[in-house]
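Two forms, one chain: they're shown below as structure tokens, one block per form, named structure 1 and structure 2.
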Structure 1
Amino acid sequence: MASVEWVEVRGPSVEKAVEAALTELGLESRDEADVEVIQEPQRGFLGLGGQDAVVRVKRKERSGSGGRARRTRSGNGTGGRSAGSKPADGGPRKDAAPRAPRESQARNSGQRTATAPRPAAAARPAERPKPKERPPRPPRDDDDREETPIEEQSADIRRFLVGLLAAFGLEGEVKERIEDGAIHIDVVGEQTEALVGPKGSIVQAALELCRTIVQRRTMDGAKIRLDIAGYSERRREALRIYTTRLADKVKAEGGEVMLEPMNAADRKVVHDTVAEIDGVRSFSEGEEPRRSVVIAAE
């Protein structure tokens, strides 16, 4: 898997932005990264007119990371390790768009048509689009599974995850609740950060296993929402921040911007965020699983 080496993230505070960036890079602690504060947050009046903190967080080089695909940034001057130790350089930067380094788009190229900057917060390998939600499996004659009440499905998942934490030797708590016909599971506790993974890959894998456990017993498993160590919530927040920045830009410059393809849940986060901002609107284009949100000036 190609590994993203750095991201720029905006947040209400340096701490929050760094946290979101670390999550994005799949790092567990600040020790594993070089942090450069590009812009200190500035307080606005009643939440208006303030400026977010912007940080650039770079994965520290690790020896023996042989298998990882690395990519060096080119033509940009700040690619060295020294970038992290650079002090905050005061004034806001014009170009603080979050971009994963593998993005091929050139800095300051001014393109802002349908090519869409890749959101750091929501970066996902484009070559591996999320598979479409699977169609309900046809009933089989020899299927002796029965319908299981959602409470039991939820309890099964909880039990599975509690056991999984134990197998890892991690301390944590598994909370379950049923809301809108879906099972919501939160795995919480400091140590459960170890089960997030780069871009939430471990969360996704654990979710797949939860589904498998439920489908063993029941034909028609309920929808499962799984969050571990608050990853999904942080990711949504990062997506909101990114969307706001992009919408502000579209509002100022006109035209429209297409984001990278996202799943329905992420698109809803974008639509909801844009709906809060005057002067811009959003709509979706394209077919699943490559359906994308477009933000357009009104």
Structure 2
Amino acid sequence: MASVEWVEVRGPSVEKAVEAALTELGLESRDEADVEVIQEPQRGFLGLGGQDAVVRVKRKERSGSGGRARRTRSGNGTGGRSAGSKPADGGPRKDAAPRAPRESQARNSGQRTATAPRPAAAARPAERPKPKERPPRPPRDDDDREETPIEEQSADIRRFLVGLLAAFGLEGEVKERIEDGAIHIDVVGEQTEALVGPKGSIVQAALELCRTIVQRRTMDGAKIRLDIAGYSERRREALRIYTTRLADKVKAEGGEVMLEPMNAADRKVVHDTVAEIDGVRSFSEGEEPRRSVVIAAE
């Protein structure tokens, strides 16, 4: 069987994609291959709609090389041979079962492109059963936590965030309010942007710490809504715009589209936005932390 002479690979960066391609070709050095960059990586708006880099890497010609064969795989090694590929000798595969479309393979591996539509499945039920909610865990006999008033929970969170700003040497203000049984905390100030992080990672980490602080004192912690430097509101607005565009595309072309994995708060924004648009519906698929929203035509 002839060896693979070139591959087309996608990855988060050109370097990662080339590295994966060299491994696929069994090459030890980039000097042994010709590299063609088909697409540079692109960053999305607030982490949405980004695109991977795509490269085509070819083994440098040498005497006695065999026929050509093509592979397409993701930069992290989760892809496979493309659906229409043929054996290296060029002969047709008559006995091979048809392969699943590329997008379906990517979905199974957790690498599905956020904006790629897929045909609606005829056997898909109209409504998917919701997962069963876990019954509340009974209190332990040795649990000495007491029910703490929501005002005290809010004060604990405020003290923690004020100390966090001081620890980082940042100037800012922590504002708190209680609405509908939930604690809303806003950290504002020009320097507080440093506590946002890539795709809001530091905001999410600070939120988890706030929840931990409350849960260590009380058996029944309130819901916490944290926003730092206005990031959460900007992301919600970006999600609403992004979801509306995808929903319009699904209405026009049919089928359905899967978004990138999101946390529960972001998924709720998408579901609420879709609910206001006629002709489309939404549901969630996958397991945490890689649970995604699917927008489908009705």
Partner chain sequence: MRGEIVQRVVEYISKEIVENPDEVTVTIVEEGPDEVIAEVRAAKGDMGRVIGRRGRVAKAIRVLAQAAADEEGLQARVEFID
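Please note that residue numbering is based on structure 1, beginning with 1 at the start of its sequence. All values derive from a computational prediction rather than experimental measurement. Between two forms, the rigid core is the largest collection of C-alphas that superpose within 1.5 Å.
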| query | Among the two displayed forms of the chain, which is the form predicted in complex with the partner chain? | reply | 1
| said: Aligning on the core only, does the CA of Ala229 end up 2 angstroms or more away between structure 1 and structure 2? | reply: no
| By how many angstrom is the Cα of Asp266 displaced between structure 1 and structure 2 when the rigid core is overlaid? | 3.3
| Following alignment on the rigid core, what Cα displacement (Å) is computed for Glu287 between structure 1 and structure 2? | 8.3
